[in-house]
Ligand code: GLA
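Presented as structure tokens, the chain that follows is alone, the form predicted alone.
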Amino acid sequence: MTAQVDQFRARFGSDPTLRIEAPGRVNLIGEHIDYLDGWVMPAAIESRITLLAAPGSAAGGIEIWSAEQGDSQHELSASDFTPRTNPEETWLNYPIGVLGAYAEHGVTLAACRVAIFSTVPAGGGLSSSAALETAMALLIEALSGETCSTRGRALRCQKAEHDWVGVPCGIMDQLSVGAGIKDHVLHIDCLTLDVEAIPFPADIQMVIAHSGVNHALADGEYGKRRRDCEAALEELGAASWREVTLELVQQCRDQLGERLFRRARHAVTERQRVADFATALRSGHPEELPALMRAGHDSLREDYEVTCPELDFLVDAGFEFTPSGHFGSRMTGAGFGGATIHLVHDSAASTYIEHLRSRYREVFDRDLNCFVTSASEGAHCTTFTSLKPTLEKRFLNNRPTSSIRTGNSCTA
């Protein structure tokens, strides 16, 4: 943190007054069904975006600089939210979109200086975009005096991604980034936005392997999958995917056609896998997880067609691991590249990581970014001593925990 403060001083010639941290997230199961009224099981992770900020001069704008985006410093407007089209500036559409979404509620951001630091791999399926959106939302709230619930904030950030970035994402990423609880996974109902926190087994490690293939969801493939599901739902004559059963999908196979049938089959079978995964965690039966994760990945590969050779290889290599202690592997996130998630007993984690790295190097002739993480706290805002302590009290641990139910614990 000291190095980041030093960079802020060097960049802006003043000390920061706010520190905002927003984690990435990993989804254990429930892929591509958050926008289908489904359930998902993500966890906030230790990798995070850190945003340092300070009020600017009254005559200035919103000065923003990212350590991950080169040396260029940008100025955003508190009233003009036109998306950027220059490829080197399109990442700014995330904070611009959040500014615009809050402005629609009559909340604007005064002049300030912002530095962004990230340890979340961009394009890795770990929600770096949702982390940036949420951090920006907390900044707006901190400096404007706005108070927003975790759910309300997530919905505003989702709108920013829909309307300014052009990705018709579900609510999982933004909600899990904000609602994360240390050592717990979240069972989220994406229709009601109810959240249940389920303790994650203390002796199982989450291993994330970044394929090195960066996805770009705004290129259209993500939207095509969502449109396929909308078309399938219309063919099935249902108002919501909550009304659709596997039996109905199978009965309507000819009517749907092969592509829409496979999209629909993924939607309903993945929903059941989430329910079974949650039950296994609640009841202390992690030995049931590998089959669920394998089936989930196979469905994403065959029915939803969102994997790639690197992701498929990493999952297959995970299941090749012969020593005991492997509790499942699958792609995580939207796919088209990105990362895989592997659940491994802590006694086998280092051996397992070396196994993945060795096999990946053999086949793809490049190093694999592979690391252990744990379920982490959600986004929060703290202050440096130069700002009133009441602000820290308002925004530290800002999640509405009264609306988050906690389940039973289990160990492997």
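The first residue of the shown sequence is 1; numbering continues from there. Everything numeric here is computed off the predicted structure, so don't read it as measured data.
Only in words, not in the display: the form predicted together with the ligand, which the text now covers.
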Item to complete: Could you tell me which of 167 to 175, 195 to 203, 145 to 153, 113 to 121 sits within 4.5 Å of the ligand in the predicted complex, going by non-hydrogen atoms?
Response: 167 to 175
Worksheet item: If you check 99, 264, 209, 334 against the ligand in the predicted complex, which one has a heavy atom within 4.5 Å?
Response: 334
Discussion item. Between 91, 321, 313, 222, only one gets a heavy atom within 4.5 angstroms of the ligand in the predicted complex; which residue is that?
Written reply: 222
Worksheet item: residue 32 near the ligand in the predicted complex, any heavy atom under 4.5 Å?
Response: yes
